[in-house]
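In the block that follows, a single chain appears as structure tokens, in the form predicted on its own.
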């Protein structure tokens, strides 16, 4: 199968009279080797139902189809969404029935309906738009519990945050919330020169594998509110940062002690299980 290179990508853009926009975080991959590395690192299996967010002109889409995947591509740009089936028909006609295009915002489309054609999706593989990469990743994992693994290409700084360890400089809200769904690790870096237009930043590849959430009575939303509060004042102790969320500094301290967490710690040294324990303890003390 022929994948898209710089000549084909620019020709498609000219044919559609489009120019990648910063507003939509559009940077199209123009290197077939990068595409095949992403698909390989994602571990995509023939016949697997894969969600792709932001397919653009179809560079990664064709790589997924080449691997035998059944692809549901979610594209916010109506012109690109309408053109993608034609691109697949031109470059990989034998795979046309393996593609479904959903036009819309990945933060708003009904993800529960994506299993209607090929059963529940089990993988997310995407070159995520830089400006919404974290909320899109967390939303897809939350709304599609059937997804067992993912490989996403994001801005290098975001990749570092997603896989950061507690106590590190880059550890933050995305790091902790992703732990709720499973384990993530950095599996590579991507040069800006494999994109058109060339971004001013490097990109990173993050591999995710689903695991059970913490054993707790609190809901995911309740734990996530605790996490948000824990990072709301990074220079203060967690006891102070959680005061508004808990109702008072005293209640925050009581919940932390009941969860076995020292009130003098800061939020950036806790894992998701610690936050779940604090949320549970606050509920028990209410």
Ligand code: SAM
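In this text the structure is predicted, and so the values were computed from the model without any measurement. Residue numbers count along the first chain shown, from 1.
One more form of this protein exists, namely the form predicted in complex with S-adenosylmethionine (SAM); it is left out here, but the text below deals with it.
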Does any part of residue 132 reach within 4.5 Å of S-adenosylmethionine (SAM) in the model of the complex? Heavy atoms only, please.
yes
Close approach of residue 104 to S-adenosylmethionine (SAM) in the model of the complex, 4.5 Å, heavy atom:
yes
is_contact(residue 29, S-adenosylmethionine (SAM)) in the model of the complex, heavy atom dist at most 4.5 Å:
yes
Would residue 176 show up as a contact with S-adenosylmethionine (SAM) in the model of the complex if we use heavy atoms at 4.5 Å?
no
Residues in which of 182 to 190, 211 to 219, 104 to 112, 155 to 163 have heavy atoms within 4.5 Å of S-adenosylmethionine (SAM) in the model of the complex?
104 to 112
Just to confirm, with a 4.5 Å cut-off on non-hydrogen atoms, which of 60, 238, 227, 69 contacts S-adenosylmethionine (SAM) in the model of the complex?
60
Pick from 137, 123, 80, 206: which residue has any heavy atom within 4.5 angstroms of S-adenosylmethionine (SAM) in the model of the complex?
80
In sequence order, which positions of 66 to 90 have a non-hydrogen atom within 4.5 Å of S-adenosylmethionine (SAM) in the model of the complex?
74, 75, 76, 77, 80
